[in-house]
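In structure tokens, one chain follows: the form predicted on its own.
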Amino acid sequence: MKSTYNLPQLIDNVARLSPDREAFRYLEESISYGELFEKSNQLAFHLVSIGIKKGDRIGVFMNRCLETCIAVYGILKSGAAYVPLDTSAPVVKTISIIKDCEITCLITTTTKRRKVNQLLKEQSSLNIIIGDTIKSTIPSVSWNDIFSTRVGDFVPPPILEQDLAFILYTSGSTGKPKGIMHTHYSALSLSKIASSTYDFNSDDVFGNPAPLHFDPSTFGYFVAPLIGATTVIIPDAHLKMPASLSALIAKEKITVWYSVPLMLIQLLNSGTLGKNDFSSLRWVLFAGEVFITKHLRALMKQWPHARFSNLYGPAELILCTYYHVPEPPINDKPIPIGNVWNNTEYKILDDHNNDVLPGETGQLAIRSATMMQGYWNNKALTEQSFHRVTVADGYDHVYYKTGDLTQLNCNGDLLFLGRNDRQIKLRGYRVELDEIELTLLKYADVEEVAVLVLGKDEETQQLAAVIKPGKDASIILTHLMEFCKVQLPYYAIPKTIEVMADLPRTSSGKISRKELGKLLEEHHL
């Protein structure tokens, strides 16, 4: 394969060698690498012709569809950076991102016309809409018009690996959303390292259930094209119905699946796995949150032919560690996050940014080729998040401080012990909220749990736990409380435990503790 120095070359290289090879598939439609090369060129040509310059930020506002991959590569070929916008987010949040990133051009589809009109009414900075024709004073152009444009031998502007490629905004669950800047180099590094770590090949079929604004989407959009594989974009509707998703994975003969653990747990509990043939599945990758060991064990027994791997990495690093689970775990101890992969190194730091001794707990700091460039429009936060080690006068090694507590075990594997900001002081005792959650998850009938602190002052603060029971399970709270008394010190036992059929979630599928906290406070649980 020809050397690649920017992301568009991923599809261009495959298009030259195998133009008919299938690149992306969505429902009954598909697009070949040759078609993706041509259509992304047409979009890039149009963007350049209307004045888009290198480094400009372009919003992508659409649900999963084939136009998404065209938008991504068309934007990148124009020299601009794409900013994926969550179509399910409140309009006010989307507007704030558009203003923060100074987005003037939005790429969308007709299905989002109503929300686009709402964005325009809020007097945002948008002045160009692509992918839809709308009744407005600002210019707009349809996809049909884009694809009917003759571009000839379009030559994209020079794009270097250090150039900005995309900006991912955090969910904002703990405060104001932050724009995480990734370059062509960081995304290409992810593609190359992941491909070699898992021995991906051109015959693989990647299942991509992640929305574009969620960093796991980079697997399907960049890792698969590196080796000329096919990516199946999973429709939104299938993600809401585990049985339908299960059938789709089997029908599409997906070989590489990558998602948050919740999606796999839902497949295990309600996906009627025994009715489908998953013999094509060879890698099951999961990241984003802790995969509860008892559920992982059950799923590994359902899919004994597949290999399972635990990936770790905040969006600032995309991914940076991995752990191949060798066999179904025999106990309920948390699965390690393993060790860093190639072109990556780490430190475990104490509260004063000094290295901890082997076996001690500290904050994980990562130096990696996949590391972000920094936070958009926030130099102070960028510097605060980096740990610099002076190697020589004027030369530093720069590490990203993850905010995650880790420990190196006797086997040389990193253990994830929770968030640094989830460690609190309560009645003078140091309490680990994540540790309480892991303890409650050991209870047989508990599927998910969230532990929060209610109350704003020290005198009234108390621990509250909200649990989601397993399928067809009936939890007797008095029995669960007795379990807590045996497993936890008295100061770490939740004062109240509530049961919910489901927990509020962010658009990426994680538990929204911010929303859950509001619900608990409002109802005085």
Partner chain sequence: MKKKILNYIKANLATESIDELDIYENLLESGLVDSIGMIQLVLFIETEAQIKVAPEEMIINNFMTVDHILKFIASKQNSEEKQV
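As the structure is a prediction and not an experimental result, all values here were calculated from the model. Positions refer to the first chain, counted from 1.
FYI, the form predicted in complex with its partner chain isn't displayed, but the following is about it.
Residue-level contacts in the predicted bound form: of Arg367, Arg282, His238, His387, one residue has a heavy atom within 4.5 Å of its partner chain, and it is His238. Exactly one listed residue, out of Lys379, His305, Lys275, Lys135, brings a non-hydrogen atom to within 4.5 Å of its partner chain in the predicted bound form: Lys275. Though the partner is left out of this view, Lys294 does not reach within 4.5 Å of its partner chain in the predicted bound form, counting heavy atoms only. In the predicted bound form, its partner chain sits within 4.5 Å of a heavy atom belonging to Asp502. The closest non-hydrogen atom of His479 lies beyond 4.5 Å of its partner chain in the predicted bound form. For the chain shown alone, Asn201 is not a contact residue for its partner chain in the predicted bound form, no non-hydrogen atom being within 4.5 angstroms. Heavy atoms within 4.5 Å of its partner chain in the predicted bound form are found in one stretch of 214 to 222, 70 to 78, 326 to 334, 241 to 249, which is 241 to 249. Using a 4.5 Å cut-off to its partner chain in the predicted bound form, each of Tyr26, Gln118 and Asn269 places a heavy atom inside that distance. The single residue of 57 to 72 lying near its partner chain in the predicted bound form is Asn63, the criterion being any heavy atom within 4.5 Å.
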